[in-house]
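Laid out below as structure tokens are two forms of one and the same protein chain, each shown alone and named structure 1 and structure 2.
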Structure 1
């Protein structure tokens, strides 16, 4: 039943200008309807991977493809098929939640959406009604995160890439977020998200890729994980007790 993966990394390698090797031949793929979690501590190389997938950073070696399009070769075409939520979500403080959403939606090719459509997406991500028309200046980190997620959803792209989407969310919001992700998965989207939260990863991921020091140590499917304690596994890998 192997389909063409929507998000596909092949031998991705990144050596920074200072000679630091942040990614070392990382390969993985995310199928439609699959949630792939990049699990790793600070500095493991998660953001670097994601940056390459969005063309923010040229890779040293390997390819990163979205929907079969090489991001490096044709970034504009590739980006048509991907939605993104960045690790820093400040957005435009002078715009209201809806205005922020409107701007990015139109950038993502969604023209002529009605106010109600925006509201419904904002409702979907669990933002309070009263905040819809408020400027983002007064928003808490969690509220901004929700708007960010709404931006990622509204594009209706087959691939969704999320960088640390749950950091800073309260338990209720995190829970809502989780159901959001599952909803998106049920629509057949391919979702790549990074996190250092083992619990969250275990809850939502179909596949978990454990990263450390630029290396993909192992990739385990939900089935494989059912019988194992992810936390123990993670720590074992990190400390090199299990050979990759």
Structure 2
């Protein structure tokens, strides 16, 4: 029997003032301990979906719930239960890794954490110890992503939303990041990740939702994809060779 989704979209729709429909009645749920990948190209509706879940954008119709809380109706309460990491992590370059972690932890209401607790989380995401007290302005993108993920972890939110998190990372850094995602899944987090990387989606996802032109064309479980060529399936849906 399935649990109540931690991240849940019901009929999400976004129509802009010029009449453009960026999202068309999209529905899905992400369970505890599940990685759900939104797979699609630019303009598919992935980022619009994520922006609604984060309260950055109001929907036209439908609901977006985090841990049972409607983001539009009670955004402050909903945001307590979600952590977010984008492809471009906005951190303070003149702060050290540990200082960035401390700043965002305090912002989230955690004011009594010790230096060793920060170090423990930075070790968890695989940041080398020599970098803990170095300023971020000298960090590679992969190192910044690790600090961003550490911030998401220290919030202890049941829901984690990732927007193209491996974009621009070299293969080694992307592989390390993927391992961290799987570790978070093992802790029972519900993880929603947008990507246009078919290989990464197949490697990490428990469930894949294929999006195009604001529509959710299909949702497939890992079991359903075991004997499928995901790239071929994706292209068939995008080009209309398979009915959505």
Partner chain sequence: MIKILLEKELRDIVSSTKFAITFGAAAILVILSFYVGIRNYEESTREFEAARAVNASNVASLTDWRQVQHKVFRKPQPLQVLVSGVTNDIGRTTEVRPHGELTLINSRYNVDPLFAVFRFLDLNFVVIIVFSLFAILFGYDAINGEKESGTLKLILSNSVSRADVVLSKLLGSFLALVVPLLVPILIGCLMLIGFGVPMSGTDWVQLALVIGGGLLCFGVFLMLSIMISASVTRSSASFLFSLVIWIFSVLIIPKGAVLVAAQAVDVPSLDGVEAQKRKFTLGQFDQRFQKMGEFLRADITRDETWSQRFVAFQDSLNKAYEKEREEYYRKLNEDWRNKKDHQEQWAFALSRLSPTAVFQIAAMNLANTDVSLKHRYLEDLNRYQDEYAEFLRKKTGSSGGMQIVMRFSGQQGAQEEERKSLNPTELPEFAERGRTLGETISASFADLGLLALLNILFFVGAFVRFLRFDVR
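None of these values were measured; they are calculated from a predicted model. Numbering follows the first chain given and starts at 1. The term rigid core refers to the most C-alpha atoms you can superpose between the two forms while keeping them within 1.5 Å.
**Q** Given the two isolated forms of this chain, which one is the form predicted together with the partner chain?
**A** Number 1 is right.
**Q** Quick check on residue 72: with the core superposed, does its CA move 2 angstroms or more between structures 1 and 2?
**A** Residue 72: C-alpha displaced by less than 2 Å between structures 1 and 2.
**Q** Is the C-alpha displacement of residue 81 equal to or greater than 2 Å between structures 1 and 2 once the rigid core has been superposed?
**A** Not so; residue 81 is displaced by less than 2 Å.
**Q** Examine residue 158 after superposing the rigid core and state whether its CA is displaced by 2 Å or more between structures 1 and 2.
**A** No, because once the rigid core is superposed, the C-alpha of residue 158 moves less than 2 Å between structures 1 and 2.
**Q** Could you state, for a rigid core superposition, the Cα shift of residue 19 between structures 1 and 2 in Å?
**A** Superposing on the rigid core gives a C-alpha shift of 2.8 Å for residue 19.
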